[in-house]
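A single chain, nothing else alongside it, follows as structure tokens in the form predicted alone.
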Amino acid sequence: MVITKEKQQYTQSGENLVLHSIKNFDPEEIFDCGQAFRFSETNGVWQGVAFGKVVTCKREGDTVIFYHMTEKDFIEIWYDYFTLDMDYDRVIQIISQDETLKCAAAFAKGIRILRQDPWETLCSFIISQNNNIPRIKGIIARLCETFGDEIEPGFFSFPSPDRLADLTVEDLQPLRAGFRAKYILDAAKKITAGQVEIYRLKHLPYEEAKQELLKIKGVGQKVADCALLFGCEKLEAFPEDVWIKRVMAMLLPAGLPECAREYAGIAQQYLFHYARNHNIK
């Protein structure tokens, strides 16, 4: 994995923390690319919840302003969450050995793969099955409001597996999650019982970690790959659904080139964003 040892340049400005000369960081592309479901935008300001804290940010030129953020929280939580140790210029250089990926990366280079909580990521992508973004966000919001803790007025934490493990499908009916409710509960029960060690998966080889997730009812190849890519730091994971398979057939019919294998998940996000914005179906 390519990383940079340079400390990200930032300053504390009153209650805000400002990143300077930031590259490959566009909040709209990061939060609107289908990897996270608890963020919304108002007048260019993005706000949401992660790791039990509210985060609010806005890009202005080559700076990113994080509102009401302490240096301590930035260093302990958000530096890692936003993968600010990743040298995305170098990643783009590597995958751009392929002309198609070079074009996609140049168009969508503001995307970063977030390092999200593994349980929240798994549960969110279980909910995402055969679903659209507004409904996914609505179910997750109701899940947090009903079973999470209020962090700030109107903002709630994501409920832990053990909070959900003893519930029934009937208990989850207010979420309007449909068939997904039983899968959420199976995941919570297996994780709480130690049958799936969700917080150990990032330390396992990719294939071994994937087989662990496939033990959960309702978790197939795509959901497992999404959980591994967005929650367990497995950048080689390449989530595929019907739509991305069509994109691949049109743009990369021979499959993902060798130069992108290590960063397959990042390449997938560039392709997804490029195809969506160029009406490639």
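Remember, it's a predicted structure, so these values are computed and weren't measured experimentally. Note that residue numbering follows the sequence shown and begins at 1.
Absent from the display: the form predicted in complex with the DNA. The rest refers to it.
K.L.:
To test your reading of this chain, name the stretch in 77-85, 201-209, 101-109, 178-186 whose heavy atoms come within 4.5 Å of the DNA in the predicted complex.
P.N.:
Result for this chain: 178-186.
K.L.:
Heavy atom within 4.5 Å of the DNA in the predicted complex: which of 65, 244, 237, 256 fits that? Just give me the one.
P.N.:
Exactly one listed residue reaches within 4.5 Å, namely 244.
K.L.:
Heavy atom within 4.5 Å of the DNA in the predicted complex: which of 160, 129, 192, 96 fits that? Just give me the one.
P.N.:
Contact check passes for 129.
K.L.:
Would you classify residue 222 as touching the DNA in the predicted complex, given a 4.5 Å non-hydrogen atom cut-off?
P.N.:
Yes.
K.L.:
With the cut-off set at 4.5 Å between non-hydrogen atoms, does residue 151 touch the DNA in the predicted complex?
P.N.:
Flag for residue 151 set to no.
K.L.:
Using heavy atoms and a 4.5 Å limit, would one call residue 232 a contact residue for the DNA in the predicted complex?
P.N.:
No.
K.L.:
In the predicted complex, is there a heavy atom of the DNA that lies within 4.5 Å of any heavy atom of residue 218, even though the partner is absent here?
P.N.:
Taking the distances in the predicted complex, the answer for residue 218 is yes, it comes within 4.5 Å of the DNA.
K.L.:
Flag this candidate site as yes only if 35, 125 and 135 all have a heavy atom within 4.5 Å of the DNA in the predicted complex; otherwise mark no.
P.N.:
Per the other structure, all of 35, 125 and 135 touch the DNA.
K.L.:
Pick out the residues of 74-100 whose heavy atoms come within 4.5 Å of the DNA in the predicted complex.
P.N.:
Residues within 4.5 Å: none in this stretch.
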